[in-house]
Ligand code: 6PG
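Let's start with one chain on its own, the form predicted on its own, as structure tokens.
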């Protein structure tokens, strides 16, 4: 079964996530000289990002050797309230000494197809032509079982060649940018962050129900580790 850690509340979840970030970062920098991390959007990781920027954790992180990417983005400008980039910037990146060249933003403000192609090109350069093996990918879980912007019954979920795609979500009538399964499943570590009673039903379904139904169930790194960091409210039906 997937590695599952249950913590009391969102604050404990943020602390546990920050501790894993620091530990994996030190290990990656020690073994291959850099720590590549993919950030998630949504409300749950915001507290985690704020903690990473705080005096408790920031001094234990070698920001000079950290490279930051995003798993998905809304098709909005970077200063828009819905921007995943803006949230991470305000909670974390504005407060740490990450070199400008170590930040890889999805350009949600331009044509989605162009933005996806640009981001895939950046990944190819970063990976030396190969799919990058990210040291850590942070993911959330939607109440419909989506993760990143891999929504049920959307084209991105079956993409096998492209690494980044523009994905139209009919239910929301919006375009999203998202990493695809080949990239996510090439990671060394994937960590789901899930909080709140509203996620309890989908948590039970994704972890205990039939497999290969919901997008989150397709996150299975080929040579890596997937874990779930969940608060008590979200885990109450497990």
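A quick note: this is a predicted structure, and the numbers were derived from the prediction, not measured. Numbering follows the first chain given and starts at 1.
Another form, the form predicted in complex with this ligand, is not on view; read the next lines as being about it.
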Determine which one of 111-119, 127-135, 97-105, 68-76 lies within 4.5 Å of this ligand in the model of the complex, judging by heavy atom distances; exactly one does.
-> 68-76
Although this ligand is absent from this view, report whether residue 86 comes within 4.5 Å of it in the model of the complex, heavy atoms only.
-> no
So, in the model of the complex, is residue 31 in contact with this ligand at a 4.5 angstroms heavy atom limit?
-> no
Find out whether any non-hydrogen atom of residue 42 is located within 4.5 angstroms of this ligand in the model of the complex, and reply yes or no.
-> yes
Answer for residue 156 alone: is it within 4.5 Å of this ligand in the model of the complex, judged on heavy atom distances?
-> no
Within 4.5 Å of this ligand in the model of the complex, which residues of 111-142 have a heavy atom? Give them in sequence order, or say none.
-> 140, 141, 142
